[in-house]
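Take a look at this single chain, the form predicted on its own, given in structure tokens.
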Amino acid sequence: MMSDTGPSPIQRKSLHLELVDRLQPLIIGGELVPGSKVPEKELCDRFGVSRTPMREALKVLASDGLIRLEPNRGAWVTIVTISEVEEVFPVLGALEALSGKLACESITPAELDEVSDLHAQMIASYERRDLDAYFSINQKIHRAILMAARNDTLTASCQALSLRMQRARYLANMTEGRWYDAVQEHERILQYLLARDGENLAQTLLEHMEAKRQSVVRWLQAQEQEAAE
């Protein structure tokens, strides 16, 4: 007779969630162009899957705001608008600020070491002007601080909004001046985190997100002007 107290079975990630993980970078990185129709059959062939898990994955992406599903017309990559950025970024900034404040209260020495290591990697990517690597490591730093806050409700809310804005933040390539400023902001973020200075860290994260908002809005305005010409 099998014991009820034995180890629980290993849970495997379902196929449609694996597809979500594959499709998100295509949308965030712009391979699936904003405003374009999602080529379902082409993607099924590319990943060797049937239409059923693909459509389940698209439902998840729609709930995340990355695509929209239209009856009888298929799935379309959503377009990030200025009004959406203006609405989401202040909320995201407030959540990031709260995560910083809570993280200062509960972060472990091992987690501090992890953030310090990530920061060093990010600086190295900046020095060699590797924007893709910089962006990826930057996201890991923000996530590490969020996880150190140890608040599941905060984590879920912040990640949902961050995912909606990642595409615009990635595509709105920074100017050299803005990139330098962002690095200096991250230097202060690390400094206040290591000092467990929650108030100053929260304020710095707020300012960091506001600067990102301004950068993204400028890029979107330029895109609109270019399209109108």
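Note that residue numbering begins at 1 and tracks the sequence as displayed. Remember, it's a predicted structure, so these values are computed and weren't measured experimentally.
Another form, the form predicted in complex with a further copy of the same chain, is not on view; read the next lines as being about it.
Colleague: Taking a further copy of the same chain as it sits in the model of the complex, is L154 in contact with it (heavy atom to heavy atom, 4.5 Å or less)?
Modeller: Taking the distances in the model of the complex, the answer for L154 is yes, it comes within 4.5 Å of a further copy of the same chain.
Colleague: Is there a non-hydrogen atom of E56 within 4.5 angstroms of a non-hydrogen atom of a further copy of the same chain in the model of the complex?
Modeller: Answer yes; at least one heavy atom of E56 falls within 4.5 Å of a further copy of the same chain in the model of the complex.
Colleague: Examine P109 and determine whether its closest non-hydrogen atom to a further copy of the same chain in the model of the complex is within 4.5 angstroms.
Modeller: P109: no contact with a further copy of the same chain in the model of the complex.
Colleague: Does S63 reach a further copy of the same chain in the model of the complex, with heavy atoms at most 4.5 Å apart?
Modeller: Yes, contact at 4.5 Å.
Colleague: Choose one stretch from 39-47, 188-196, 159-167, 24-32: the one whose residues place a heavy atom within 4.5 angstroms of a further copy of the same chain in the model of the complex.
Modeller: After filtering at 4.5 Å, what remains is 159-167.
Colleague: Let me know the one among D130, E105, E87, D117 whose heavy atoms come within 4.5 Å of a further copy of the same chain in the model of the complex, would you?
Modeller: That would be E87.
Colleague: Have a look at A75, I145, L95, M122 for me and say which one sits with a heavy atom within 4.5 Å of a further copy of the same chain in the model of the complex.
Modeller: Selected option: L95.
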